[in-house]
Each structure stands twice: as structure tokens, then as C-alpha cells.
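One chain is shown next in C-alpha cells, namely the form predicted on its own.
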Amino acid sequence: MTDVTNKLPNSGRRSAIKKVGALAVGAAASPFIPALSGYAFGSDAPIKIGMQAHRTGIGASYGRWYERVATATTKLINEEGGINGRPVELIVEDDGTDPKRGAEVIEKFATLHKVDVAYGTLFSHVVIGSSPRAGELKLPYFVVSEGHHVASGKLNRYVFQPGITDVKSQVISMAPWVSQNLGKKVTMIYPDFAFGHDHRDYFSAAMKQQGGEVLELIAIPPTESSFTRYLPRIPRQTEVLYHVMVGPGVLTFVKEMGQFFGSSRPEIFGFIDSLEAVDFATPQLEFLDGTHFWEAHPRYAQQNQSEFDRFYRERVGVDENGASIDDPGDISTYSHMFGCWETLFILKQAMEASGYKSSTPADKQALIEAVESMEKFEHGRNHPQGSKVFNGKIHQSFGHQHISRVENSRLNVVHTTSIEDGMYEPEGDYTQMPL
């Protein structure tokens, strides 16, 4: 089933002008939204963005919030006059968090919906399964995934990850803090697919550089529902238990980990993926008090909260605790979903810089080259998570990471990395690939 959202009415230039004029009245009241008086859409034909969403499957909790953020971002862009004076139409298709179905969705976007770009995917195996088809169809594909697959240079020139950092950058920036503050003997628990393998490979190497060692690697199928049988493999001499889990069983995983350790546990460092969309006040999670988590965008509003984060929360309907304003029990995937907001604004910036008009080979080439020429995104309304440096050769951004401590069922940031902490030498160069 196709869900089309945020489409301004296609009823002639005169009605479009009236629509934008009406929207401008409310927009002028906010310091974040420029007044649009006298502005008219350059065309009634929308720019179509095909969102590949995890509505079902193991990524459903992420997919729901990714779609919610993308819808809010599209609404804001349209309030401000669209892209190149044209409304934006968001076309959403469910990929089932499945790589085969993901490739089918990409083909559907290109041949049936005739979208200008595809966008939004999170789970790495879906990105890896979909990217070859995007390249074959010459469809620009903007993912919000975090895996190192884009930055590795192993995909193709049509695939970009500009609005979120990758796992390699994340772990190498935080390994020094972990080794200096928590311990050097580590056991890792991670999901047994590409995303988890990135953690396994790059954190192991980063800890070795810090004089540490990984004692045990415990890979768990992402569809697993019980984890008790894996936990006895944790060596007794473990100083730090590093965990990153995904999927519907994450809450069970954390609860069973607490039951296994009881009152005696090593230091625990987790990626927030293990508790995205989960309330920290949930019973049996009390044992996490005093443990640490990686966050890209802090779920709980911090004392130094920026005005940009405040505006972003208001637009996507999230409160200061990272829960839905409509339902305090509906916890967002806050540390990842900002990438949807930022990526759409990057896409808007690139389309306007390139003068994009339609999905012709010339316009696609101009769009791709415009993105590749970008170098930095400043912290601001369009980039509420923070400033970023973009490397056009590998189609990847580098940004700040946060280490947060659980205190009274809340996450408080105790360390923020610099952008430079997570930078590494490019492994490839997409700009040398033909279009």
C-alpha cells in the first residue's frame, strides 16, 4: 500500500500562490521560519521523494518515527515554499526491513511512482540489498543508516549518507573515553548482521589502539527473542560489557542481562540502539543506573539544550524526555531519527544549488555533484543535532558523539566528542565512478 503525505494541491498556479501566501502568515510568527510574502511556487508539479520505510519487520519502531520525522520535515519545507519553488510530495512504501523487498521498493519508486530521489532507509542489510538496484536505475538514494557500507566506498555513486555519522566514526571517537574511564578488557554483544559486524570490527581495532583487548565476541541473531543462553559466554575477567542490540527483543535483552548479573556486574557501555523506543523507567531496568550509553542526539533535553533542538522537538511532536507529546509512553528513536530531518534539508540545499528541475540524466548528475561538493553543515535549525563535516569522496558526514550516564532512569551527557575524534582516512572515492 502506498501512502502519499504532505502534497500541496495540484490545482493550478493561482491556487498554489494563494496557498503559499496563507502559509506565510503563520510562518512569519516564528524566528525560525522566514516570511514568504510574494513568493510563488515555480511549478505545480511536485518534487517526489520516495521514502523506503521500515513499517514492518524488526525495524518497525524506527520506521514509524523515521516516517513521522520525514512527514514533519516535508511539511515545514512546503510551508517555506518547497524546493526550487515546487511542492514536495513524500511517497512512502514499506520495505518490511527486508533487503529483497527493499530492492523491489526501489524499483517501484523508479518505474511506478517515478520519484526524483529515494530516501530514508536505516537497517544496513536493507541498504546493502537496495543500493545496487538504485545504481542500476540511476536513482539517487539518500540513506539514514549509520553503517559503514556507504563510507567504505563499496556501494555506488548514487548512494549518500550525509545526515548521520557511521559506526566506524562513532566507535573510534569513543574508544579512548571507554578505555580511560571504564576499563580495557571488553566483551562485545552485537547483532549478527552488517551493522553489528561494523561494531565488532571497528571497536575491536579502536580498543587495541588504546592498549585494550576484546576478550569475547558474542554475535546474536537480530530476530532472537531470548538471550539467557548467550550470557554465560561473558568471561569473568571482563571489565567492560559493550552491547548494541536491535529489533523487537531489545527490552528482553536488557532485562535478562540485569537478571544474569544481579548486584555484581562489570562496567556496562551500550549503544542506545539497545533501548531506542524503550522507557528507561520500565521496571527491571533499574540495574542500568550508573551505566553508560552512546547517543548521537541526546534523548533527554539537557541543561544546555539549544534553541534548534527545542524547535525540532516541537515540530516532530516530542517532549523533553524524548516521548511523544500525545502519549508519554510512546518513546521516540531520538538518537537516529534526526538524520531524516537533516538529510531532507541537505537534499533541498543540493537541489537548489544545482538548479534541479526534473529527473533527467543532466539534472541527476548536477544534483549528485552538488552534494559531493558540500563540505560542512553548521549547527542550526536545519541541523539540530550539531555541526558536521562532509566528505564528498565517500558520501559521508562526520559529527559529534555523546556519552551519557544513566541517573535515576534518565540519560545525562557526560562527554561529547569533537568531530576530529571520529575522522578517518577515506577508503575510496565515489567521485571517480561514472554516472
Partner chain sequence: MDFGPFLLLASLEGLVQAAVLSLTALGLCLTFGVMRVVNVSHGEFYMLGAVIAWWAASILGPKYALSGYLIALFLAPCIVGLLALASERFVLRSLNYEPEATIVATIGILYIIQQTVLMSFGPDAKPVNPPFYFRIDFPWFGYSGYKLFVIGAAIVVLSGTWYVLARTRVGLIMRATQLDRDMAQAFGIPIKRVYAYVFAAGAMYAALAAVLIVPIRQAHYLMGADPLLMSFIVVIIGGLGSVRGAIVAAVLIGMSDGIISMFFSPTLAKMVSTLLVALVLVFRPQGLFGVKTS
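Numbering follows the first chain given and starts at 1. Nothing here was measured: the structure is a model prediction, and the numbers come from that model.
Same protein, other form: the form predicted together with the partner chain, not shown, and the subject of what follows.
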In the predicted complex, does each residue in the set Pro328, His415 and Thr417 place a non-hydrogen atom within 4.5 angstroms of the partner chain?
-> no
The partner chain contact in the predicted complex: Lys184, any heavy atom under 4.5 Å = no
4.5 Å heavy atom contact, Ser61 and the partner chain in the predicted complex | yes
Verify the contact flag for Arg55: yes if a non-hydrogen atom of it lies within 4.5 Å of a non-hydrogen atom of the partner chain in the predicted complex, no if not.
-> yes
Can Asp319 be called a contact residue for the partner chain in the predicted complex at 4.5 Å between heavy atoms?
-> no
Among Glu104, Glu267, Glu80, Glu256, just one has a heavy atom within 4.5 Å of the partner chain in the predicted complex, namely Glu256
Answer with one of Gly262, Pro361, Gly290, Gly355: the residue that has a non-hydrogen atom within 4.5 Å of the partner chain in the predicted complex.
-> Gly262
Pick the stretch from 345-353, 194-202, 149-157, 220-228 whose residues have a heavy atom within 4.5 Å of the partner chain in the predicted complex.
-> 220-228
Within 397-434, which residues come within 4.5 Å of the partner chain in the predicted complex, counting heavy atoms only?
-> none
